Structures are given as C-alpha cells and as structure tokens.
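Structure 1 and structure 2 below are two forms of the same protein chain, each written out on its own as structure tokens.
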Structure 1
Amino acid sequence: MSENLRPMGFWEKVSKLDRRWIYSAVAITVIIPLIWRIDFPVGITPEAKQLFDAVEALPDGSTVMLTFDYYASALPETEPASRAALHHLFRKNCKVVTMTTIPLGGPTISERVTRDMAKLYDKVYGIDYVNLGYKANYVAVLSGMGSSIEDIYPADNSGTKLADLPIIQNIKNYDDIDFIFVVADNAIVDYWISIVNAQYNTPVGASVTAVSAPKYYPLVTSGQMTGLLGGMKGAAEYEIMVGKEAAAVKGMSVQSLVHFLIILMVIMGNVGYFVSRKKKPQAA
C-alpha cells in the first residue's frame, strides 16, 4: 500500500495536528480557571516572607511610602502586589504615602488603586494616606526627598498643597518614613537602593516583574533590600500571607494549567515525531 494511502496512526495524527487545535486548547485552559476556581499550591519563598515580616513588624501607625513605579503593560504582575501591600498597610493603620516615577499611567494607576483600597478600610485622604503623583527627573526627586518631601512635591497629585494635608505635618523627609515598599517593572529599584537605602538608611523592600527578579536576589542576601516579591508568583505569595487571595492567586492557577498543557503538548509532539519517523519505509 502506498504511504499516502496508508491510514495514519494516533501518533502520526498528533505530529501533524493543526495548530488551530493547539490555540483552542490553550484558550480553553485559560478560560476554565477564570470561571471555576482551581487551586494550586503556592510555596512561600524566603524573600517574600522576609518582606511580609518586615511590614508586619512595623508598629501600627507607622509611615510607609508605597511606590507605583510601573507602566500599564505590567499590571498583571504589579497591581496585585500593590493591592496586597495596601491591604497589609491599611489593616495595620499605617500612614501611606504613594508616588510614582512613571509619567505614562503611573499617576492614574496609583490614584485608582489607592482610592479603591482606602474605601475598603474607611481611610480618609489627607489624613490616612496621600498620593504625591509624578515628578520628572527621578534621580533628583529621590535625592531631594531626603531633605524635604514638600520641596519636591509642593502639591499632591490632585493639586492640593501638601501644607494643607494633615498627614504631611509629621512627614518631612526620609527620617519620618519607616519603610519604603517599591512596586516596579523597571530598574528604578536600583536607585531606591543606591540613593535612598544607601544614603539615608531607610529600609527598602520591592515587588518586581519576574524577568527582573533574579537581578535583585543578591541585594536581599547582602541586606541592601528587605525582602523581594518576584512577578505574579510573588504577588500571589503576598496575597496568601495577607489573607486576601485575589487576582495574583487566580492568575497563578491559569499560568500553572497552561504550563502543564504546554509540557504535555511538547511531550506528545516529540513522541509523535519519533513514532512517525520510525514507521516510514526505509529507502532501498
């Protein structure tokens, strides 16, 4: 029988599977955990636990600066970390000062997230938290706040003079900031470490994108950073420790299922390829 007329076996069909079926399988795998909750274990890394413990150890009512140093393109990895951090900080009745070094989207994101979270804890703007917004030239901004926050930010993100906000009366510079929680998708973390931590000895912890995380683990080991969250998994870890499982935990379920599917397809594709090659008639 001609090879073209010979019916294909299962593995041969797998090796020649139309890619549209693969795309469909991935789409279904993404949709399922978004409709029905599927829980996968999320291990807590020492770096994430260190960051959580550092915030947890702050006396209630401490002042914490939370940064929104990320673009909208990184929201799935970064916004869940910001929300989990605010759960933790507002629950401890910390005074929260937010800011961003990102001109495009940063001020809008920080405004939206902080006001959403403040409503959950009945926090009052100007008393319990303040959003400084964005200022250009981040090196000058980070350095200048060491002398006076109000000199760098005469007004908040909405244009209200800082002098008119009660929360700022006791916050002059980094000496009045107990901890800095940086959430970023870029190398701005380097400057928070080299300028703020190194020069003013203010403790800095960070949540960064997964691709950036390996760069910063040595800084945790050296003591220059107080804890680290890496990507969506890091945000999911913090959600779990805070007891507020949300977008990151759900995202990890989607990500895990898709990874399992990809691994399965790679294995099946390779088996199909080798079985099909073995069945081909050898040339005389």
Structure 2
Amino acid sequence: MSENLRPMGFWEKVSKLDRRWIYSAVAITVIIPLIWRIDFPVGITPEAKQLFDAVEALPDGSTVMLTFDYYASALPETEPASRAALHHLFRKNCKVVTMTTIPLGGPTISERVTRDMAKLYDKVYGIDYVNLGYKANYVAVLSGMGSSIEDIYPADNSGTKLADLPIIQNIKNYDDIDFIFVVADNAIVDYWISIVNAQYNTPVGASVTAVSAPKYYPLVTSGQMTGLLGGMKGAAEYEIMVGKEAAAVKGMSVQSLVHFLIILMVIMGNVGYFVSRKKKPQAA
C-alpha cells in the first residue's frame, strides 16, 4: 500500500486535527466557567506581597501617583489592578494623582475608573485626587515632572488649571510623591524605572500584563522595582490582599481552564508529531 493510501492512525489524526475543533474547545472552556463558577485558591506571590506591603507601609494621607498606561485591549488584565489599587489607596486616605501615557482611551479609562472608585470612598476631585490626563512624548513627560509637574501639565484632564486645584498646592515634583503605582500593558515601565526611580529615587511598583511580567523580574530582584503584579493573576492576588475580590478573581477559573486546555493541546500535538514521525518510513 502506498504511503498516501495508508490509513491514518489515532495520533496522526490528532496531529492533523482541524482548527475548528480547537476553536470550539477554547470557546467551550471559556464559556463553562463563566456559567458555573469554579473557584480555586489563589496563591500570593512574593512580588505581589512586596507591592501590597509597600503601599500598606505608606503613612495615611501620603501622595501616590497611579498611572493608567494601557489600551482597551488589555482591560481584563489591567483594570482590575487599577481598581484594587484605588481601593487600597483611598482606604488609606492617600492623595491620588492619576495620569496616562496612552492617547487612545487612556484619559477616558483613568477618568471613569478613578471617579467610580472615588464615589465609594466619598473622595472629592481636586482635593483627594486629580487626573492629569495625557501628554505627548512620555520620555519628556516623565523626565519633566522631575522638576515641575505643573510645567508639563499646566491643566488637568478637563482643562482646569492645576494651580486652581488644592491637591496640587503641595505637589511640585517627584520629591512630593511617596510612591508610583504603574499599571501598564507596554514597555513604559522601563522608563518609569530608568527615568523616575533611577534619577529621582521615587519608589515604583507595577502591575503589567502576564506576557510582559517575566521581563521585570530582574528589576524586582535588583530592588529597582518595589513589587510586581503579573497579569490577571497578579490583579487577583492584589484584590485578595486588599479584601475586595472582583473581576480578576472571577476570571481566574476561566484562565485556569484555558491554560490547562492549551497545555493539553501542546502535549497532544507533540505526541502526535513524534508518533507520526516514527511511523513515517525512512527514505532509502
């Protein structure tokens, strides 16, 4: 029987599985835990604990800069971290200065999330928190705020002069900011470390997407970064530590099952590949 007419074995069929089966399996794996919630205990990593402890150690009423450096595509991973951070900061009566280096949606997300959270804690805009909004060229913005925030942001996101806002009266530059909590889906964290932490010594902690988290481990181990939250899991860890379990904790069951499915598929794909390679007759 020629090679082409030889009936396919099980593993050969598996290795040539139609992609529609894979798409269907992913869809089912996502939908099931959304309908029937499956809870797993979420372990706290030392990096997440370090970030939480750093914020917890700030004296009540400290000034914290919270950034919204992410696009809408990363919202499920990043927004829960922003909300958990705001729970923590507002609960400690911290003065919160928000800003973004993302032109598309950054100002909208920061405005919506911060105002939502401020309502829960009866915080007043201009007194307890301010949204600086977006300004072009993040390197110049991050560097310039080291000398004067008002030079770079003469007005807030709504166009109100910064000089008219009581919260800004005591915040001139990074010297007046006790901690910077970066929430980002891109390489902006590098600049927060190399420009702000390295040059102005302001502690920086970050929540980043899962895909970029490994990149920042050397900065955590070197002490340049004060804590790290990686992806939705990191956000879930922070939600648990703050005691406000929300979207990230809920998303953990979906993420768990999809990870397991992909691991299973990679293993099956490899077994199929090796079995069919073994069966393939060697060329004379």
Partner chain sequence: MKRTVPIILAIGSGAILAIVFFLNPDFKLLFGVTSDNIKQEVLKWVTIVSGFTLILGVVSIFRVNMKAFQQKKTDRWYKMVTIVSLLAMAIPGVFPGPATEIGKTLYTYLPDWIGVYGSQNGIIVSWLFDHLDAPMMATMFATLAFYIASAAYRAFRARTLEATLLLAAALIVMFWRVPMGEAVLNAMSPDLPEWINTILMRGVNASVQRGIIIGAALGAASMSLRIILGIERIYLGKT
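If you superpose the two forms and keep the largest set of C-alpha atoms that fall within 1.5 Å, you have the rigid core. Since the model is a prediction, treat every value here as computed from it, not as a measurement. For numbering, take structure 1's sequence and count from 1.
Here the chain coming from the form predicted in complex with its partner chain is structure 2, while structure 1 comes from the other form.
In the core-superposed comparison between structure 1 and structure 2, the C-alpha atom of residue 215 has shifted by less than 2 angstroms. Relative displacement of the residue 259 Cα between structure 1 and structure 2 on rigid core alignment is 3.8 Å.
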